[in-house]
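In structure tokens, one chain follows: the form predicted alone.
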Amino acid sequence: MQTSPKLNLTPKPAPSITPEQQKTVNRRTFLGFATLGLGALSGVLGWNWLRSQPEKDGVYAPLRSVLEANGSLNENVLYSNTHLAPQYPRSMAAADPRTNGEVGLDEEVELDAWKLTILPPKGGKSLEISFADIAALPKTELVFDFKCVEGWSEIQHWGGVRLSEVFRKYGIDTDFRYVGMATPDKKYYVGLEMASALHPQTLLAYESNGAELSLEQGYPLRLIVPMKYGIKNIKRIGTITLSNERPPDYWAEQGYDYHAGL
């Protein structure tokens, strides 16, 4: 009869370390805690310094400088109208697109009386365009991943006319740096670089999933600019202005990045 070998359960003695090794351990432990302490102290001092700085457009001035530098890099170095947002099959679009934000949507809209007003700078003659005139222009459809600064995204299907096509059709001078847009009641407003306005995927949208926009989506006309976060996709556009000076922007005034690019 075979018997199982006995296991040796006697614990092995812990390996001993030399005094020199113990000194090394102690030194590394001290350096580790010292580094953590200095890091925490630097964080506290840095935060206190930041809070002592003046505010600029809703955030501390040094943070605004960083945001401006990032926006300038994106606008002047990285941005290209050949860079397109990925597109998807219509079957992937959300059946009930998520809506977010209601600023500027309080007033009722009479479509027959609604006009899109384009205002040139410095008192030039304004142009009013009816919804029927816009809808008569070549239609473009876009299915892309709409992204919100709150952290969610959703594939959505939009239809409308390229903003660049509206400018071309009505002979609008685009030799300006910026485009500003506002709701009819002026409660919501955004500013865009002209390059973003002329991007081939930037739409004045009047359809969602092939149907007219709902009031929550910005009926009768809204901006879709896939190269920007949703805060730039203004709903219910009433006026468009052209300028070499940066237009006001609702969320930038509350501390968000003016560029808001993707």
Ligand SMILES: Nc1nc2c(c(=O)[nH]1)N[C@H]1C(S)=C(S)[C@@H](COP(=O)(O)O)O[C@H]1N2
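Just so it is clear, the structure is predicted and the values come from calculations on it, not from any experiment. Numbers follow the displayed sequence, beginning with 1.
Below, we turn to the form predicted together with the named molecule, even though it does not appear here.
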**Prompt:** Which residue among 164, 117, 99, 174 has a heavy atom within 4.5 angstroms of the named molecule in the predicted bound form?
**Reply:** 99
**Asked** Among 166-174, 126-134, 101-109, 88-96, which stretch sits within 4.5 Å of the named molecule in the predicted bound form, heavy atoms only?
**Response** 101-109
**Prompt:** Within a 4.5 Å heavy atom cut-off, is residue 228 in contact with the named molecule in the predicted bound form?
**Reply:** no
**Prompt:** Taking heavy atoms only, is residue 144 within 4.5 angstroms of the named molecule in the predicted bound form?
**Reply:** no
**Request:** Flag residue 233 as yes or no: does it have a non-hydrogen atom within 4.5 angstroms of any non-hydrogen atom of the named molecule in the predicted bound form?
**Result:** yes
**Asked** Quick one: does residue 222 come within 4.5 Å of the named molecule in the predicted bound form, counting heavy atoms only?
**Response** yes
**Message:** Whether 206, 239 and 258 jointly form a contact site for the named molecule in the predicted bound form is the question; each needs a heavy atom within 4.5 Å.
**Reply:** no
**Asked** Taking heavy atoms and a 4.5 Å limit, what residues of 187-209 are near the named molecule in the predicted bound form?
**Response** 188
